[in-house]
Every structure is written in C-alpha cells, then in structure tokens.
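Included below are structure tokens for two forms of one protein chain, each presented in isolation as structure 1 and structure 2.
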Structure 1
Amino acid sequence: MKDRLKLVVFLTVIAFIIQATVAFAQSEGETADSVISEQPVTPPPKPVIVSGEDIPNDNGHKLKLNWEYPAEWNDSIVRFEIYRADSPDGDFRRLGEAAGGIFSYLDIGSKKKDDPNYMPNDQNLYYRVDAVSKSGVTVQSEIGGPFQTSGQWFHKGKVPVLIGVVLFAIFTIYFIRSARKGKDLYIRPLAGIEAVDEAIGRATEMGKPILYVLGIGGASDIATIASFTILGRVAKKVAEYQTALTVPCYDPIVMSVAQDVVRSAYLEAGRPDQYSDDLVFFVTNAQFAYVAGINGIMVRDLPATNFYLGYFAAESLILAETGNSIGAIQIAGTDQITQIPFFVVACDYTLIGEELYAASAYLGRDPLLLGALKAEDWGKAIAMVLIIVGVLATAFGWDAFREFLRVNL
C-alpha cells in the first residue's frame, strides 16, 4: 500500500514536470512569434534632407539642417544620426544625433583648421542623415547639399544698441565740448555730497581720522572710477584741514590708483610732506577677510567719518553697521542695487546708484565728467519719451514700434 502510494506520488510529480516543460516551451515560442510579428514588414523609409540654413548674424561655422520623415514611422525610429563631408563622395564624419521625432540639427563647427570638427565658411558642405529603427535597422538618406555657411560683420539684431551708443556718444562729445568752452552746466545739489565737507569738518574738530573704503571692485569698475574722483576731493580737504586719512584697499591695482589720487590731492592742497603711501594700503583680496580687517580698524581707530563709495557686495551691511555702532558719520554710495537698502538703513547719507557718478562730476567739475553726466540725462529723457510713445503705440495696437526697440540676439 505504501509502495503504491509512493508510485502515485512519483508519477504525479513526473506528470507535473512534463506539463510545466511543455507549457514553458509553448510560451517561449509565442514570445518569439510575437517579436517577429512586431517587426515591420517593410524597412523604414529614408529621411529626406530638405534644407541647410546658415545661422544669421554670427561669424559663420554654424548651420541648421532640416529633414523630413513620415509621421507614421515616428514611433519606430530611435534616433537620427547626422554626418557631414566636404564632397558628396567624401569621407562622412559623424557629428551627432537627434532623437526620433526631431527633424532638425544645429551643426556648430569649429573655425580652427586643425580641429577635426572644422567647418569652413563659404565652401560646399554635404550632409547625410541615417535613421536608426528600434530593431537596429539603419537607413541612410540621400546626400543633401551643397550648403554653405558665412560670417557676418554686423549683427542686424543689435541695431537698437548701435543707435543708442551712437546717440550717447554724440551727446557726450557735444556736452564735453560745451563744458570745455566754459558753458555752465547745471547739476542739482545732492544731500550726500553737501554733507562731505561737514563730515570732514567734524572729524577735524574731534581730532579723529577719516576712513575711506573703495569697496571690492576692480580699478576698471565704473563705481570705483567715480569713487576715485570723490576720494581726490576728500583727500584734498583732509590735507587742508590736516586730518588723518585711512584708505584700506581690496585690490592691488585700486590701491596703486588710490595712492596716486591721494598723493596728487595732497600736492594740490600744498601739503605733499604730509602724504605717505601708508595712508592707502592693501588689506587682502578675500571679501570677508577684508571686512574683518576694516571692522578691526573701525573699532580700534574710531574714525569720526566713514565713506563707503564704490562697488560693494554682501559686506555692505557688516561695514555700515559696525560704523554705526562706533557713532561715525557715514556717507555711502554704490551702483549695486541689492546693497543700497543696507546703506540706506545704516548710514546717514546714501548716494543711490547713478548719484554716485553724479557726485564725482559735481565735486570734480571736470568737463569730461560733467559732459558725460549731461549726456546721461539726455539719454534718460529719450528713454522716457520712448517708453511713453511705446506704451501709447502698444495701446493702439501698433506693435512695430515695440518690435523696433527690441534687441534680437
């Protein structure tokens, strides 16, 4: 009985194994059949190259290739591979690929002759596009071309910029000439500048030094250049009043220029003997280390007046707040919009943005600076007129005016 039972179990297991094997074989066969049935009966069609457009307003070496492909085959194509050669029967070099469903490719070549991706201007170029299907079948297009790229000397989309620069140059030259001829060019007084003399006088009365911070800009930054002019004026007054001056610098070249400016101011004031290169010194070129150094100078020397004029970044509030805590009169100015709020809250006077440039012209009375400032005013007047006319034109549906002012890069 027991042996019979064993036999039944054994036969049942064998039957199960046979059935499972047959079922697996059948399913494998079905899968293979289904793969075969998914294959298209016909190979994918060839891509058709329709155009090769030279990119306008550039130095050449750039072309946009367009091709067409039947929409019903989009799902079957994995990618298009793009090739370029110098002649139809030349050696086609693979440039890159575009995903299936995309029918254009921007060919950015090199202008260096020794570069493998060199793409000459004004010479015939030939392209080929290969469509690669999901099953790995590759179909080549007919050779497209010849196409050419060319460079342009002038970017037509930048005409409004050219007009603006030319107008500004004309205004600047005109007003500089007027100022040189002795014409009185009016500039309204600025509260921050009116306070300069008062601040220097206060320091003199208190017998304390004046701290002048040029910021963290380079010598070629417009704000730093404007600050040099104001520094000249401040240094001259300081020399006349025989007050101490401290100018810690962030940039070695700024330090060199500032030394020349202060030296000239002392000479102009008739006190060259009082000048020393130690008045203007380099601290460090690390932003927050520079701030730490100036803060140390402030709390130890206790200057009566602090000037922060130039290019400033995240250090503005730290400087202004420390200066405020020692009770110094503070005059600040920068063209960095994000830093002006900090100066406004922590300083006695703030020159907002362009007021810094105006201050240098106002103090320096140099025809070059006055002429440039007047030209800026005229530029602003024209900008205001353009905005008013532009808004009215847009309101009446005349978009051409707005489009004319737009720079198309």
Structure 2
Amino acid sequence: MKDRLKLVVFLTVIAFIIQATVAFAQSEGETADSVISEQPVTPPPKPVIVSGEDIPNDNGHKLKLNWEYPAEWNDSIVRFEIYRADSPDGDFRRLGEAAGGIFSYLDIGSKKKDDPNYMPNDQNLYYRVDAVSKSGVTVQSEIGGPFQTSGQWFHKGKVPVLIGVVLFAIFTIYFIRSARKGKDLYIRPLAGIEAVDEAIGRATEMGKPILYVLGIGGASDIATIASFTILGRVAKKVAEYQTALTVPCYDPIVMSVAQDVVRSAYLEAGRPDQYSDDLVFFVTNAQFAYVAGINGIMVRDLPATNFYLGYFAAESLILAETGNSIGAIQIAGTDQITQIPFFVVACDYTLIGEELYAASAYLGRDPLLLGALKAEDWGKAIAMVLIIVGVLATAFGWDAFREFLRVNL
C-alpha cells in the first residue's frame, strides 16, 4: 500500500514538471516572436538602369541593358527580372531574368511583327528591372529609356571577307575572259580524268559495254550537274569509238536530262543515227532496288568500264565491289566524304570531293568552268601563302604581324 502511494506521488510530480516546462517554452516562443515582429524589415534598394546599348554590326533588334546595384546587397538578391514596353505607361512584358550579381541583360528581339517578342528598329523602347530578394520582397526600378536599336548595312568586322570576295571575283572574270579568247589555261592533271580515254579504249578493244552511273542525286544536286558534263564527254568518245553505253538512272528527271546530254554528244560526234533512248533508262527510285538492278546489269553484261560519278550514299560499296568482282576498270567520284573511302579501296581511280567539279571543267573545257576553277586555285594559293607566313611569324616571334593576321583573318 505504501509502495503504491509513493508511485502515485512520484508520477504526479513528474507530470507537474513536464507541464511547467511546456508552458515556459511556449511563453518564451511568444516573446521571441513578438521581438522579431517588432524589428523593422528593410526593403532592398531599387536597381538603377544606366544604359541601353545597341549591338553594332548587326541587323538591329538587339540591345544590351545595363544597371547598377549596391554591392552590399548582392548576397540578399536572388534575381533580377527584366521587362520591356513601347512607352513609359505601356504594358511591360517580361523578357527574362538575370542572376543576382549580374548587372546586364542582352535583349534579342524578333524581326517579325506578329511575334510577341517583336523589337522594332529606330523606335523608342523602355525597360524596367525588378530586384527579387531572398525574403520574397520585389522592388522595381525607375523606368529606363528611351533606347533604340538600329541595323547596319555592312558588318565592319567582315572587311577581310569582302576583300577576299572581290579578289576572287577579279580572278574569275579575268580567267573567264582569257579562256574565251582562246588562251590555254593550265589545269592540274587528275589521274582519274587522264584514265578516261584509256578506259573507253579498253572497252572498245574488248567489245564490251561501258556502264555510267549518275548516283542517286536529283538533277539539282551539284555533284549530279558535274556528272552530266563528264557524261557528255564520255558519250562523245563512245560515239566516236562506236562502243556500247549503258546509263541506268535513279531519278526520272535525271534520266530526261541525261538523254539530252547523250543525244547531244552523239550529234556532236557525227553519229546521231547510233543514238537510242534505250541507252539511258529509268530503273527505280528505291535506293537498294536501284543498286540491285545495276548489279544485275553488271553480272549479265560484264561491262569493261564502270563510271560512278555523282551523289552516292550507302550503295557505293555494293556497286564498287560488284564491279571489282567482274574485273572492270572503275572510275569513281563524289563529294560525299563518307563514301569516298569505299570508292578508294574498290575502284581503280577516285575523284575526291572537289576534283569531281574540276573534272567537269577539265573535260568540258567550258570557259565559265575553267575560269572558276583557276580562280579557286589562285585563292588556295593565297591562303597557303598566308598560312606559311603565319607559321613563320609564330616561330620567329613576330607578334605584331601574327596579331594582324589573327584579327583580320
């Protein structure tokens, strides 16, 4: 009985102590809250818009906004929000934001009038910058402006490009005029082009046909256009030697153009009676079905010479390997860098990249093509000289000359 009484007294004392502790903590919390609430909250200062700078050497529609803010408040600012309007009393639209500690913003507007972000040139623009603190307080700057943007008709940093274009135009016009006057312009020899006559002659001696593949490009592709010129040269030689020619086409429009090219070549060679539209025919515009069709022609007709000149994709190695397996002389050329390795390993001669365009000038001897090719060669020569001079300037420490080349080129 005494033990139970002691236990009741002990629990009563413990409960009293806990109740007194909780009451004291609550009273202390209320006191602290009252003290905090009594302390005044100082709002952050307003940002001050300093300037709106038009970005030079562009078509306008770009402005760099700069503002100032006290350094002692940087840690308390989360971000700056930027707004723009067409008038001080207009509807300010939010453009974006800058992190705290960043005091500039590049406003890139749109040139389209129906775009919400449209920025007109040579018209007044007004800006506002809002500073948002960590406590969630937002203060607005005074309205900044008016600022304006304007476009320039010429980028002053592109003067070297302009000089290069003018020089190239002068070279091109000069060499075209020279070619038209009958001057013999030297064109660097290309092994693949030098072998064209040999390949045609071999097919003639063996009494086997010549296969000419224009690739899978359209009639507007540069590689296909260059291939048309080479086809004309090949067709003329074929007509003179009275050798069979086969031109399977991937595109119907390419087929029509190729027929006109071959017909003209036979007419120029004085053999219009030997021309037939069956020489140039449409196979299919399905890529691998087209390849299968050409491979079938190779296996059945066993041509002595294969030409692959134009735009090629994944079918390049399939064609070249099949032609290699039948022992044909193969001359390939394309401007597709990814396909050149396959032609190199499977063909006898390969025109790499721009050599395809040079081949059309080399064989066609057209003054326009020759002039452009010679101008390109001179441009490359000038570029090589500048590279060598730049290397020497770096090696011998000619800092002024090297800096001039770096800035202007």
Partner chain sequence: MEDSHLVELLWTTFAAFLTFATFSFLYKDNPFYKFAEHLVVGVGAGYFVVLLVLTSLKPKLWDPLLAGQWWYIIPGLLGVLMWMRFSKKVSWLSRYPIAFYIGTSGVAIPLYMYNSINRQISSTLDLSVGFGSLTAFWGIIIVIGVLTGLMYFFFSKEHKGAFGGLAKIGIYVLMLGFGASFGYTVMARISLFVQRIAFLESWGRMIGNFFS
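Note that the coordinates shown come from a computational prediction; the quantities given were computed from them, not determined experimentally. Rigid core here is just the name for the largest C-alpha set that superposes within 1.5 Å across the two forms. Reference numbering: structure 1, starting with residue 1.
Between the two displayed forms of this chain, it is structure 2 that matches the form predicted alone.
Core-superposed comparison between structures 1 and 2: the C-alpha position of residue 221 differs by less than 2 Å.
With the core held fixed, residue 281 shows a CA shift below 2 Å between structures 1 and 2. In this overlay on the rigid core, residue 129 has a C-alpha that sits 2 Å or more away from its partner position between structures 1 and 2.
Relative displacement of the residue 94 Cα between structures 1 and 2 on rigid core alignment is 14.1 Å.
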